[in-house]
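Shown below, as structure tokens, is a lone chain in the form predicted on its own; questions about how it binds or moves come after it.
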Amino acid sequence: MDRDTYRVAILGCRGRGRAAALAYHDHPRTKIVGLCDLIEERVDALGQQIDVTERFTNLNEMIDQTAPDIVAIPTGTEFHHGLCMAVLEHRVHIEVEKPMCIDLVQADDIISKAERQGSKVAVHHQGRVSPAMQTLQHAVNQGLIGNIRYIYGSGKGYYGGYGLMNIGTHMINNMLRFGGSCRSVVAQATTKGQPITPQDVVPSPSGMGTIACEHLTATLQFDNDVTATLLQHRFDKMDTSAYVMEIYGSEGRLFWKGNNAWWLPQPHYFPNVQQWETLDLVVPNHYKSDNQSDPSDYCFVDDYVRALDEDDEHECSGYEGRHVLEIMMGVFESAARGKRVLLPQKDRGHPLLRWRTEFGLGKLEPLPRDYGNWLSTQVD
């Protein structure tokens, strides 16, 4: 499928929808042909900003009338499965916000339907294709750090289980880029300083399914003897400076944070002996300084254009998005059972709900969807 311009429709016009729309609007090979949201004011506000007049409150009408090649679905996680399945009925390609779904049953449904319909699925892990991450990949390809041995990644200080589903999904996908497939996980999880129990399983804020634990530490085993440590520990105050990744090689190290990348040309750090060097970012030559979109979102769009041109999978494909979810479910399973969990998992249901059922616990009671209000119910 190789076209001069790919037609795009946006389903959901809140914050992430606006970010996606700006990226597709800025890219020279994509054109936004329709916007849809249940609330007309949101559609109109975004339509006015990017000068799109085809505005809808019904997704089927939007797709039927605008004939898009790609439909972006930047909505709440709890809506992903239903919307993806509905949009795939139209045999279009889709992009869905991270995390892909709330469990593996839903992810399997989406992948199976996309395969039957001949559609591609991309999951919006924009960090994996960001200029900084592409810069790290370029450094690895050049052999600047030798063979990768170990990867470290940390979250922003959200409540551990929520941090895993919210920010951990990005970090895990970044790790997959450098580590390859994940074969097994081992995790330790605590709530109020004690190992989690089935009573600590709760509904996630932001509609991200079922979670547990305040502090989470996981060890991941990837291909080629690469291991990783993933931290999702709750801080008293969220700290974006803690959201970092470091790659240890046999000859040096790489460090990532936000839109920056650094190289240490030795495998170990000794103060005042060798200093980190800033790496020049790899940015598409057609990204303009006056673009409204974030460079990471723009790079995500750019890779979708490449994938469609070449009949290839997106770097952040649905298969990779499902693998991320598989790892996260494995982390919860390991934390609950106190054992190493091999991947892929045979039981596709949510491991925390299965754990509660085994202890005779009933349906989870609803909690506030907003993270701040939700957190007040969990932390004294």
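Don't overthink the numbering: it's just position in the shown sequence, from 1. Keep in mind that this is a model prediction, so the values were computed, not measured.
What comes next is about the form predicted in complex with a small molecule, which does not appear here.
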Quiz item: What is the one choice in Ile39, Ala45, Leu342, Ala67 with a heavy atom within 4.5 Å of the small molecule in the predicted complex?
Solution: Ile39
Quiz item: Exactly one of Leu231, Leu83, Leu308, Val186 has a non-hydrogen atom within 4.5 Å of the small molecule in the predicted complex; which residue is it?
Solution: Leu83
Quiz item: With the cut-off set at 4.5 Å between non-hydrogen atoms, does Pro99 touch the small molecule in the predicted complex?
Solution: yes
Exercise. Indicate whether the small molecule has at least one heavy atom within 4.5 Å of a heavy atom of Gly15 in the predicted complex.
Key: yes
Quiz item: At the 4.5 Å heavy atom threshold, is Gln126 in contact with the small molecule in the predicted complex?
Solution: yes
Quiz item: Can Leu11 be called a contact residue for the small molecule in the predicted complex at 4.5 Å between heavy atoms?
Solution: yes
Self-check item: Partner-proximal stretch of 31-39, 351-359, 47-55, 323-331 relative to the small molecule in the predicted complex, 4.5 angstroms, heavy atom
Solution: 31-39
Practice problem: Report whether all of Gln137, Ile247 and Gly249 sit within 4.5 Å of the small molecule in the predicted complex, measuring from non-hydrogen atoms. | Solution: no
